[in-house]
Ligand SMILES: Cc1ncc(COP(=O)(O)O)c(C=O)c1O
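Shown next as structure tokens: one chain only, the form predicted alone.
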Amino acid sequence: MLDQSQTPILSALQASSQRPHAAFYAPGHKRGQGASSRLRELLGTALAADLPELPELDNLFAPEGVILEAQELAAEAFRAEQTYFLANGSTCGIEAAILAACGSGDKIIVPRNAHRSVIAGLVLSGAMPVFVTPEYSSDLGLVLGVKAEAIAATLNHHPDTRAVLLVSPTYHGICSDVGAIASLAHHHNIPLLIDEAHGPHFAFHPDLPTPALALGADLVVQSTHKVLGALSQAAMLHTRGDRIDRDRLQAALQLTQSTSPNSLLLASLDAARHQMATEGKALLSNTLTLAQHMRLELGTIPGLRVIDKPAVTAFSSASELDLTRLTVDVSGLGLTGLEADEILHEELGVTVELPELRHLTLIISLGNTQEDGQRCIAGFRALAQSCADQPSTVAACAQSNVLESSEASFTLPQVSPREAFFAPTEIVGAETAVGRISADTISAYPPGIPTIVAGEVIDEGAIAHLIAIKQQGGYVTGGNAPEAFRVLA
């Protein structure tokens, strides 16, 4: 057992920031001395700790000192065999994971609700995605998990697959049956990679979903900043077993991370691990208590539907629900989630994490107080009261079109995302884009699931879906869609 009370990076950084010396190294502000007065006013003494990889602060890509110690402490705390600190967010970890597991032309099973960083990893690696469609509930209006049966069928049709990637939990806290899918992947002697960006807290309380590593995942990427106490952009990558070539993974991380990682980010990872290892269970018990109180109170407000665990786990694709993630269906108020979010944020002092056409999703974490909870409940009550006399006119969520338009359990793009990225292209109007191969990955927000992935053929249903999302108040990313599309020439 390691001494989890230690904070190697944090302690070394604090000492370095206070050491009197003449600084003739980057960054140019020289520990804040040359920074803008406005920046000094905002950041204060934090500027003195904005230091490069000084000898006493170790090297992220060849750690031998405090970074190595901190990563070993994190591996023990998060129940991994090896942990890597990430200063470029979970994005660089996902990209590196794909680069470590796949080469050009290799197949990798990817869920349709994967983050855009997965597409970036496919472009970098040249791997060919085999997309599987997660289960969708039209009643809940939510994307659920990926069925183990869908993974099994895909592996049977594509036995040359090199890896399986899952998103678990989803943004809404919904977990797939990671254990069953890990068994399927391992039966084919391939690794299971998990985008667990929203689940770094799972290892620290028994009432939270089981961590993916404990269920057999080979590699897990977590956004430590999303629900724990690290700074934004600070994340971790954890591995277990021997299905991932760690030398190749280390090389991949050097490709996807900055050569000048911010020491404050690394120190915040060290601090977040220390906090969870020493008092995580107590902190998360308070968080769960607050979440349960908010869940019960919001559930009594007319016009609101709080998504609960039984409703989610009734579906075979969803094994667990993170109860610190609170999703509220506001369609009964006669508003879209986007409209409700605007009122809550601008008029009622409540800002949520994710507004969608039907839902608002809240992240309840160790940083939230009882006062926060009461303000949120009061805000939703005021919102509901203002809508009490309005009929419910919100249409069914358009995101179902993405997930229900295809009867196939898996699909492959016409060309790989990498080929599409580097191919000659031209821009055409929507009326002539049908049947052409997209050069862009185009996502409608909400829900943020790619409607069209680079390398896929554009069809009329996809264009209609993008138009519907914009008409209902959402927005589209990826070129100028749906008015125009960048396609392969």
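Quantities reported herein were computed from a predicted structural model and do not represent experimental measurements. Just count from 1 along the sequence shown to find any residue number.
Note that the form predicted in complex with this ligand isn't included here; everything after this is about it.
115 is the sole member of 274, 418, 115, 162 with a non-hydrogen atom within 4.5 Å of this ligand in the predicted complex. Only one of 268, 239, 71, 90 lies close to this ligand in the predicted complex, with a heavy atom inside 4.5 Å, and it is 90. For the marked spot (94, 223 and 226), a heavy atom within 4.5 Å of this ligand in the predicted complex is present in each of the three residues. Mapping the unseen interface onto this chain, residue 204 falls outside it, with no heavy atom inside 4.5 Å of this ligand in the predicted complex. Using a 4.5 Å cutoff between non-hydrogen atoms, residue 218 does not count as a contact of this ligand in the predicted complex.
Interface membership of residue 410, defined by any non-hydrogen atom within 4.5 Å of this ligand in the predicted complex, is ruled out. Interface residue remark: residue 197 is counted as part of the site for this ligand in the predicted complex, having a heavy atom within 4.5 Å. Shown alone, this chain has one stretch from 326-334, 298-306, 82-90, 250-258 that lies within 4.5 Å of this ligand in the predicted complex by heavy atoms: 82-90.
If you take 255-276 and check each residue for a heavy atom within 4.5 Å of this ligand in the predicted complex, you get nothing at all.
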